[in-house]
Ligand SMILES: Cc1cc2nc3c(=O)[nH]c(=O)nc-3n(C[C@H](O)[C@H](O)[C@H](O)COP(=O)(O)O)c2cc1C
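Just one chain is shown here, as structure tokens, and it is the form predicted alone.
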Amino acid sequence: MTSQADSPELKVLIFAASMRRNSLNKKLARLAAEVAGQQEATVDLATMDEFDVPSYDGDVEEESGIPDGAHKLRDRLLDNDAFILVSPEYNGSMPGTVKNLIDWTSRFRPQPFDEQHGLLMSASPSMAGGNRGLWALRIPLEHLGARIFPKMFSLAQAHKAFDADRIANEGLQERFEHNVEQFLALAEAAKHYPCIRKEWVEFLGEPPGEGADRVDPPVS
């Protein structure tokens, strides 16, 4: 595995949390990959089926270990400097498949989400654009230490919003591009200037230590 520090250019993992072949979120993920490539980032474009895992079961973990799909996501997270996750909204929340994948991947030590910079996006036929699902998705990722970018992007009425491989509305397309560019600028700054990192504050008064379900690397 290549160390992030060995590569001068920014490396970003982009994938859609949708299994459907013609998913609108996969289309938005490809568009994000195109914008990131134009910003001279090295793009690792993945699909959800590459990270296939069974339903989380502590007994299965004890007997068989962590499944291959979670190993692949852990490796891809650590091999990149940042990630962009494009997720559909199911019943006002995140898909159960992506939460299950997060739960499995969180079992590694050290914690692979910790200090990872992430951007959340969604595409939905609804008027809200999947925004409620993204707020739900922030909770486990931030709990695990991921630095989720404040500005999220939700594409409403996505089934009518695309014109070929672009967003038809020019203003929305520009906002989308600007959102990705801003996130990449922050991730690149964090890669090259570690002094901008802030001390992580535990959520909900969670005490650090062996009992916590997120393990921080030792401070050097």
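Keep in mind the model is a prediction, meaning the values are calculated, not measured. Counting begins at 1, following the sequence as shown.
Not on display, but discussed next: the form predicted in complex with the ligand.
Check: residue 24: heavy atom within 4.5 Å of the ligand in the predicted bound form?
Finding: Heavy-atom contact with the ligand at 4.5 Å: present for residue 24.
Check: Is residue 140 one of the residues lying within 4.5 Å of the ligand in the predicted bound form, judged by heavy atom distances?
Finding: Close contact is absent here: in the predicted bound form, residue 140 is far from the ligand, nothing within 4.5 Å, heavy atoms only.
Check: Even though the ligand is not shown here, does residue 118 get within 4.5 Å of it in the predicted bound form, heavy atoms only?
Finding: Residue 118: no, not in contact with the ligand in the predicted bound form.
Notebook entry, point to check: residue 135 near the ligand in the predicted bound form, any heavy atom under 4.5 Å?
Noted result: Although the ligand is absent here, residue 135 would stay clear of it in the predicted bound form, with no heavy atoms inside 4.5 Å.
Notebook entry, point to check: Of these, 118 to 126, 142 to 150, 74 to 82, 105 to 113, which stretch puts a heavy atom within 4.5 angstroms of the ligand in the predicted bound form?
Noted result: So the stretch in question is 118 to 126.
Check: Does any residue in 79 to 97 get within 4.5 Å of the ligand in the predicted bound form, counting heavy atoms only, and if so which ones?
Finding: Sequence-ordered list: 88, 89, 90, 91, 92.
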